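Next comes just one chain, in structure tokens: the form predicted alone.
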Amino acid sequence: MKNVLKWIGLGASALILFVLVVFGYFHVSSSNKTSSTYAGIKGKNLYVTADSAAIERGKHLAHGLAGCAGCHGDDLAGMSTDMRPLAMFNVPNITQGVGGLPPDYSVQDLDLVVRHGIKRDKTGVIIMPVYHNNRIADEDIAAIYTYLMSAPKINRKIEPLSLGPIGKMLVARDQVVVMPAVVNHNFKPGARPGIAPTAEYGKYLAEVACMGCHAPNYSGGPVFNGDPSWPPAPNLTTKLDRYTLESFVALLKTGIRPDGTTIDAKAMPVRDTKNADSLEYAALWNYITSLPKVPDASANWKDELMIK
């Protein structure tokens, strides 16, 4: 009996040691990746105007299809969501209040984090969807910057994002990635098309607002760098066959499908899409319904976007 207990004790000790070693590896590996710096990459010094039209355009984008308010909150002052053991999902204050953007925050700083995923301290972001936000045109990045500099200043200090044990494991295994380590820093977005209810403008909006979840060819599948609990994104090239423009708009405004069921509001950012306007809905509809039908989950981010 003593020998049995001895072996049970040794087995339990070995198991505990194994678990400690594994999680120690995840901790060190994830820490190395999140603390890596990218000093050689610079943001673009965009031309900025501070007129009312630019402010209004930036506000519309930030609270709509560009998705800023969807993560940073309606007041843009950040928020915290307890998603442990995955992470404490802390999103920073991007107003110029206490705890927010510093007085000398520049449009280059904004461009650097939006298009390259690099913060002012030269470390990388994890959650921010740089892999499709880098499609935002120069004039729209500048407009968003102009709006942020004029938005109400909210005093709120948000602690940095904190990975839990599951989050560290995902980062260590590259199932959740540090953005500047994988995005194509040589990518240059095209000029913004004319703002009109056309498929051309719809393509621009879809790349900014839809492609991140629904994949580069809009075939859906598991969401790249998304919450593991999210359902696969639907294939937009086939799923919209049952929709009309009116029911498509209703979905984006309310999150309710034509059959009366509700989409997962955590995965589908209705909080952003509900603030689009009729021109944007029409442009998206005209573009998405023109796409060729492709098999479900048939895109590959690495191949499509030249991710390293």
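Model, not experiment: these values are computed from the prediction. Position 1 is the first residue in the sequence shown; the rest follow in order.
The following text describes the form predicted in complex with a small molecule, which does not appear among the structures shown.
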Legend entry - Candidate stretches 208 to 216, 185 to 193, 166 to 174, 150 to 158, one within 4.5 Å of the small molecule in the model of the complex by heavy atom: 208 to 216
Legend entry - in the model of the complex, the one of 77, 87, 233, 107 near the small molecule [non-hydrogen atom within 4.5 angstroms]: 233
Inset, instruction - Spell out, yes or no, whether the shortest heavy atom distance between residue 203 and the small molecule in the model of the complex is within 4.5 Å. - result: no
Legend entry - Contact flag, residue 116 vs the small molecule in the model of the complex, heavy atom cut 4.5 Å: no
Inset, instruction - Flag residue 144 as yes or no: does it have a non-hydrogen atom within 4.5 angstroms of any non-hydrogen atom of the small molecule in the model of the complex? - result: yes
Inset, instruction - Evaluate residue 43 for contact with the small molecule in the model of the complex, applying a 4.5 angstroms cut-off between non-hydrogen atoms, and reply yes or no. - result: no
